[in-house]
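This document opens with one chain alone, in structure tokens, the form predicted alone.
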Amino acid sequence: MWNYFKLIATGSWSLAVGMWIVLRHAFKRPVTVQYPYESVRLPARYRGHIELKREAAGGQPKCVACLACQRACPSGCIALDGVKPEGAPRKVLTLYTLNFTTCSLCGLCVESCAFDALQFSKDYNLASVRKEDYQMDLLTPGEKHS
């Protein structure tokens, strides 16, 4: 008989604790956002895919095609090429592609760039079902990667 009353007491206590948690959180602001209409505020240290920094004058990439980022990448997802025109002080970038399907977002490419030509983007909504959408040509400015 005592076991019966003990079960009623522990069940009532459990119910009271559960109701207290519900009441405590019922009047707080919701954590979720209405996704298509609202977006989350990204932290300052958010790492998206890499992108090329451009010079203020002319909008040309700062990259000199030294291949340091390509050699530093453990995933092998960066491919770049450049040519040195006659009389030019440095190489001109002709190809810079990123295979984002294999990128591990480790940041070694950004750290290895001695010319400060790479940075992390703030793109976070890169959902797609096509593999081709993640073969990014970083040389073309303003291209939307979706």
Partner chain sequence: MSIEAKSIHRETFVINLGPQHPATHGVLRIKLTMDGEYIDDAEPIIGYGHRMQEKMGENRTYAKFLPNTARMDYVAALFNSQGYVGAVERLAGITVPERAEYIRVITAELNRVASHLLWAGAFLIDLGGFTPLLYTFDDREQILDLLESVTGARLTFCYYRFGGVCNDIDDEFVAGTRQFISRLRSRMPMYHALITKNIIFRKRCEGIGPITADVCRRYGGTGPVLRGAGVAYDVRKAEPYSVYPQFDFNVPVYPEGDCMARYRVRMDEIVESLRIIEQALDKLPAGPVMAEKVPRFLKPPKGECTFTVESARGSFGVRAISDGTDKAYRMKLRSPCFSNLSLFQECSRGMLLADALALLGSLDLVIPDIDR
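Between two forms, the rigid core is defined as the largest C-alpha subset superposing within 1.5 Å. In this text, all values refer to a predicted model and were calculated from it rather than measured experimentally. Numbering follows the first chain given and starts at 1.
FYI, the form predicted in complex with the partner chain isn't displayed, but the following is about it.
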| query | finding |
| --- | --- |
| Contact stretch among 93 to 101, 24 to 32, 53 to 61, 79 to 87 - heavy atom within 4.5 Å of the partner chain in the predicted complex | 24 to 32 |
| Non-hydrogen atom contact V129 with the partner chain in the predicted complex at 4.5 angstroms | no |
| 4.5 Å heavy atom contact, N125 and the partner chain in the predicted complex | no |
| Proximity of A65 to the partner chain in the predicted complex, heavy atoms at 4.5 Å | no |
| Exercise: L7 in contact with the partner chain in the predicted complex, heavy atom 4.5 Å | yes |
| Within 4.5 Å of the partner chain in the predicted complex: residues from 64 to 86 (heavy atom criterion) | R71, A72, C73, P74 |
| Core-superposed C-alpha of A127 shifting 2 Å or more between the shown form and the other one | no |
| C-alpha of A9 off by 2 Å or more between the shown form and the other one on rigid core | yes |
